[in-house]
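Have a look below at one chain only, the form predicted on its own, in structure tokens format.
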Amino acid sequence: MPQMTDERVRAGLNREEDLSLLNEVSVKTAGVSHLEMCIQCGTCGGSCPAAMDMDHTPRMLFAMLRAGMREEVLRSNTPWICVSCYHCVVRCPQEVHIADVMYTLKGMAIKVKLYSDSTAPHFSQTFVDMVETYGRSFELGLASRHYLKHFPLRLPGIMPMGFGMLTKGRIDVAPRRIKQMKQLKAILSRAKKLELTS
């Protein structure tokens, strides 16, 4: 029986292993996740610059995956707090692709609308929409849409920074489409078909 640390108690982790969720996440993760190789050493959480803001460390989240705690995992803020610095991946002794697993969990949470705060999923969807439309991000449009939807009262405070970036040519006023949009659309279409079959 695993030791009942405070973190395990908070997560409600007192059930037997049910590896179906862990296997599902592993299969949905791009490349080879090595998720099943996690030895619960805690190096990931100890390496994470954002761990203090997570409701569960990555180690704990992986233990919850092993326990089949689907709703609790998908409601966790941990994948949304992950800054994709890959420091945990570099230090993991089992070479678990932790950041890639976090992307998978975000996608799964969006699909079934299991998240406590819509700010990050909306930002993510706006970014994806822009890439699908232009082939690249359009920072001014992305920031404007995001702040208008979630933080309209903060807009006056960031306008001087935005103006400075515009005048120094750091961001564009209008979006620019990449040259090979047809090829990008074919790649994205193929990726969506592959996602449906997995």
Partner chain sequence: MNKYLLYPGCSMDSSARAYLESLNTILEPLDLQLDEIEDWNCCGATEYLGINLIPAYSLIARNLALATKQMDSVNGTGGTRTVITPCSACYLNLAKADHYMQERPALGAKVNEALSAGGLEYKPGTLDVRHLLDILVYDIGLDAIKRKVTRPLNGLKVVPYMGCMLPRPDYKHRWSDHEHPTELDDLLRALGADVIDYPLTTECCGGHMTQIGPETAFELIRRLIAGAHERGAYLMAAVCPMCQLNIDAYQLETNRFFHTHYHMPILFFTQLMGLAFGREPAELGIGAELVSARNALAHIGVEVPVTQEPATPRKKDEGLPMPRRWTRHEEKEAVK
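Each form is matched to the other, and the largest set of C-alpha atoms that superpose within 1.5 Å is called the rigid core. Quantities reported herein were computed from a predicted structural model and do not represent experimental measurements. Numbering follows the first chain given and starts at 1.
Here the subject shifts to the form predicted together with the partner chain, a form of this protein not shown in this document.
Can you check whether M69 is within 4.5 Å of the partner chain in the predicted complex, heavy atom basis?
No, M69 sits far enough from the partner chain in the predicted complex that none of its heavy atoms falls within 4.5 Å.
Classify V73 as contacting or not contacting the partner chain in the predicted complex by the rule of any non-hydrogen atom within 4.5 angstroms, answering yes or no.
Judged by the heavy-atom cut-off of 4.5 Å, V73 is well away from the partner chain in the predicted complex.
Is L148 close enough to touch the partner chain in the predicted complex, meaning at least one heavy atom pair within 4.5 Å?
Looking in the predicted complex, residue contacts with the partner chain do not include L148, since no heavy atom lies within 4.5 Å.
Should Y115 be classed as touching the partner chain in the predicted complex when contacts are defined as heavy atoms within 4.5 Å?
No, no contact at 4.5 Å.
Using the arrangement in the predicted complex, list in sequence order the residues of 106 to 120 with any heavy atom within 4.5 angstroms of the partner chain.
K106, G107, I110, T119, A120, in sequence order.
Superpose the two forms on their rigid core, then report whether the C-alpha of K185 is displaced by 2 angstroms or more between this form and the one not shown.
It does, since the K185 C-alpha is displaced 2 Å or more between this form and the one not shown after the core fit.
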